[in-house]
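Form predicted on its own, single chain, as C-alpha cells, below.
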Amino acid sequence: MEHKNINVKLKVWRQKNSNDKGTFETYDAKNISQEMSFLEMFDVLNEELIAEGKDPIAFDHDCREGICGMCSMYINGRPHGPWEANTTCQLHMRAFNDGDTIVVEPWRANSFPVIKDLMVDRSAFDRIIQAGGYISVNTGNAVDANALPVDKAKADAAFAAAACIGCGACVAACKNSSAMLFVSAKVAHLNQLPQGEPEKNTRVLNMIAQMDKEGFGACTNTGACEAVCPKEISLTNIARLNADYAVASLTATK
C-alpha cells in the first residue's frame, strides 16, 4: 500500500457546555499520514492548537482498540464514520482523500447532553444497566464449568449480544433517539442464559422503564441502529426484547 500524507479541512462542533449554543469551527489539518487513526489526527490538531494558545478540542477516548465505546463522533453524517462495523478509533485517515472536508459532530440526542465539544454524557446508559443489567448471585466458590448446561445456539446468541460496547451509535443514528438496540442487547445476553432466567421478567420491565425515564424515544423499525452498530448487534434482539416484555407484563404481579 502506498503511504501518503494528506491535507484535510475539518468542520468541528465546538460547544463550551450543555447550556452553550455551540457552533462549527473550521481547521486545516495538514500533512496528515493516512496511516494515522482518526483520533491520532485529532491529537496532532490539538497539539497545534495548544501551541497556538488555543483551547484544544475535547473528545472522548480510552482504549483506542474498539472495545470501550468511548470514541463517539458523528463523522460526515454517520456515527463512527464511513467504514462498516468500525469504531471511530479504528477509523484510519486512508478512508479520506487529499482535500476532503470532514464534518465532525457529537451524538445528537436529548438523553446524551453535550459536556463539551464532541463529548457527551452517556450516564443514562449506566442507569439503565443499574436498573437490571446484572445477575444477582451470592459470592462463594466458583461453580464448575459444566454445572449448568447451556444450549449452543443460545450461548452463541448471548455472546453476540454481549459484544455491545454501549457506544451510543444506535441512539445517534435513530431519528427518535431510541435506545432499544442497546437495551435489547444488554437484556438478551443475560436472559438467554440459565443464570439470568430467575430475574428475566423483572429485568425486562425495570430496564425498559428506566429507558423511558431517561427520555429515549420509541423504536422506529427502520434499522438505522443495526446499520451503524460497530459490533453489528442484530435487530433480532429488539424483537426478542418485545416478546420478553409482553410476557413479563402479562405475568407481573400488581
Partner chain sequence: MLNSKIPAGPLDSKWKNYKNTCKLVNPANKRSLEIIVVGTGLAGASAAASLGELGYKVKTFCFQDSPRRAHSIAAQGGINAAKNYQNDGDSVYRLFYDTIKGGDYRAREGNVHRLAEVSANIIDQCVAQGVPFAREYGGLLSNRSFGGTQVQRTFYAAGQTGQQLLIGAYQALERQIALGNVTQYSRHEMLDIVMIDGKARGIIARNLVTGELERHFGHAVLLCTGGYGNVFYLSTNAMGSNVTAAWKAHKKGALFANPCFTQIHPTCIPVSGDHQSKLTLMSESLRNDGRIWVPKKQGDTRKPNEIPEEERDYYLERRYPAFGNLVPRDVASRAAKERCDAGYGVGTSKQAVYLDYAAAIQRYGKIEAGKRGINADAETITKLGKEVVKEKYGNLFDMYEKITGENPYEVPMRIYPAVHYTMGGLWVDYELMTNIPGLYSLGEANFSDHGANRLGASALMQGLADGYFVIPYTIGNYLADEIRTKSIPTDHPAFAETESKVRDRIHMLMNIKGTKTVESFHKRLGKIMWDKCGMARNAEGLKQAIKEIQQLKNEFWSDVRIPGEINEMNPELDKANRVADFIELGELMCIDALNREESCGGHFREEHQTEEGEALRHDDKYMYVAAWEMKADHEWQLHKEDLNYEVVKPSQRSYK
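For the two forms, the rigid core is made up of the largest set of C-alpha atoms that agree within 1.5 Å on superposition. Numbering follows the first chain given and starts at 1. Bear in mind the structure is a predicted one, so any value in this text is a computation, not a measurement.
Form predicted in complex with the partner chain: not shown, discussed below.
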Exercise for the section: With heavy atoms only and a cut-off of 4.5 Å, decide whether K54 touches the partner chain in the model of the complex. Expected result: yes
Exercise for the section: State yes or no: in the model of the complex, is some non-hydrogen atom of M36 no more than 4.5 angstroms from a non-hydrogen atom of the partner chain? Expected result: yes
Handout entry: Heavy atom of R64 within 4.5 Å of the partner chain in the model of the complex
Key = yes
Problem - Heavy atom of E197 within 4.5 Å of the partner chain in the model of the complex - result: no
Problem - in the model of the complex: members of 93 to 120 within 4.5 Å of the partner chain, any heavy atom - result: R94, I115, K116, M119, V120
Problem - C-alpha of D98 off by 2 Å or more between the shown form and the other one on rigid core - result: no
Practice task
Could you check whether the CA atom of D144 moves 2 Å or more between the shown form and the other one, using the rigid core for the fit?
Solution key: yes
